[in-house]
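A single chain comes next, written as structure tokens; it is the form predicted alone.
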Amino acid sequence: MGMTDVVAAAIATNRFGLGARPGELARVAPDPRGWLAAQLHGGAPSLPAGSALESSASILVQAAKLREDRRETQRGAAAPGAVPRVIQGPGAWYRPIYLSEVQARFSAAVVSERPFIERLVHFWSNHFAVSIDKAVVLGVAGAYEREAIRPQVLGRFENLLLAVERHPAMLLYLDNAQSAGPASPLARRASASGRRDPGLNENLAREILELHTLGVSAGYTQADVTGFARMLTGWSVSEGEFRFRPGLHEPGAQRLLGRSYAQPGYEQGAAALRDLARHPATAGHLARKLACHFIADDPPPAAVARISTAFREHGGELLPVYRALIESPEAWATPLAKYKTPADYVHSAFRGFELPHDGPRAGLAAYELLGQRAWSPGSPAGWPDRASDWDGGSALLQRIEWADEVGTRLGDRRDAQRLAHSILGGVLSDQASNAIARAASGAQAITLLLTAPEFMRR
């Protein structure tokens, strides 16, 4: 086995995967690209067995009942047995659901035999970000990823886009569920009766154009945003599921990017989304984001062009896009160009050190300490993906403190010197290897491995 094979194996397991587990580099080294390509076969991986998680529809229906119970309690009409649950409130009721979802997702990342696919799930979930900063999303963020992202991650981008934009989590997060066209039946009735109508909300339309498809520099106008927002009126939620509500929909043809859409009802917005999914600007935008995530903060133009071409030539089928990424020579360059986000760092530590992952808060505490709480990016733009957003002095100190805590907890129960070669292989420098070997204790050796530059990067 040559040094090149060992380096490529480390890149495959860390840059494309979620960190090598002990012994994995030796299995991957004979054919690192083949190891990645093989993961693309079969359906999208589900969460580990035993993850008894509810659907978003069930969660939202129960939350609606809880809100109704609270109103009855405030009116003094609730049954006595309902009072303790009602006083708890929706936010407190959502919290255990969120924790269960985070734990199931975290366990999947730690034990996955197809870590490239798990990384892709996380990539698309961040691309189509929702945030638990909005209370209702706290309850359904995990279900959203399970229902809209995970099943579509190996399919066609068009289907992924439609699944995401129709999901209650996205419609509620970006305030489209109540968006009403100015000439919609609801708006006309409100005007006739002197009531205030909900009004047109452009949040979803703007984020689809700016973040999900074309990209901010694609040349669309405010008129495009407004026209698209009118097409999406009526895209709403009822009984916890997507429902098209004709009473909210703006009638008539609308224009987007110079094209008129005269389709009636739901199909108007769906047709626009299909066109956006196939647009050349979308291909370029997604190619840049994939190359930035997998290759470098400033991705090589040749790699971006290669990925974009695969997207266009295959009609948005994602498997050829992923294969183009795997085959890009730039993706296999050294030194390691990407700085791990906190989530990446935690996943690779748990995988490499085979840390217990099935506790009730195994990953959550580390996510929060290091500044990347699950499904909480703070904006529809998602978590940033560049080193400058994560490698500041304070953030580095937090990683060192966490690494020291892990080292103290494990003590001599892990051989850090052996693990360093087993999980980093050909990218481990002599300097880091010697420092670990000279550590004063097993705990210190673990800390030195977790804080080595090679472990911090992928």
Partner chain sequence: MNYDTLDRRRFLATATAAALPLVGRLAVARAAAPPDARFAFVLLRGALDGLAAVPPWGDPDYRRLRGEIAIAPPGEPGGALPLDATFGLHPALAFLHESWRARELLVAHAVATPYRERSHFDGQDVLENGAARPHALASGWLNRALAVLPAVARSRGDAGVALGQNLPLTMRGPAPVASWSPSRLAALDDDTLDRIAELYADDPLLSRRLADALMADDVARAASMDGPQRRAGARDLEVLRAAGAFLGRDGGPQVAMLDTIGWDTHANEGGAQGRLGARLGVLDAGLREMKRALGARWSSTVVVLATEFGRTAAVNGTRGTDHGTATVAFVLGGAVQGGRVLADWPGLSARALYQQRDLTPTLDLRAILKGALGEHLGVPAVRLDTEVFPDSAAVRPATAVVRATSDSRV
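Bear in mind the structure is a predicted one, so any value in this text is a computation, not a measurement. Numbering follows the first chain given and starts at 1.
Same protein, other form: the form predicted in complex with the partner chain, not shown, and the subject of what follows.
- Within this chain, residue 250 is remote from the site of the partner chain in the predicted bound form, having no heavy atom within 4.5 Å.
- Remark: residue 207 counts among the residues lining the partner chain in the predicted bound form, judged by a heavy atom distance of 4.5 Å or less.
- Heavy atoms of residue 6 never reach within 4.5 Å of the partner chain in the predicted bound form, leaving it off the interface.
- Remark: residue 68 does not count among the residues lining the partner chain in the predicted bound form, judged by a heavy atom distance of 4.5 Å or less.
- Only one of 159, 100, 238, 201 lies close to the partner chain in the predicted bound form, with a heavy atom inside 4.5 Å, and it is 201.
- Contact with the partner chain in the predicted bound form, defined as any heavy atom within 4.5 Å, is confined among 113-121, 216-224, 136-144, 295-303 to 216-224.
- Residues 388, 389, 390, 391, 392, 393, 394, 395, 396, 397, 398, 400, 401, 402, 404, 405 are the members of 385-418 with a non-hydrogen atom no more than 4.5 angstroms from the partner chain in the predicted bound form.
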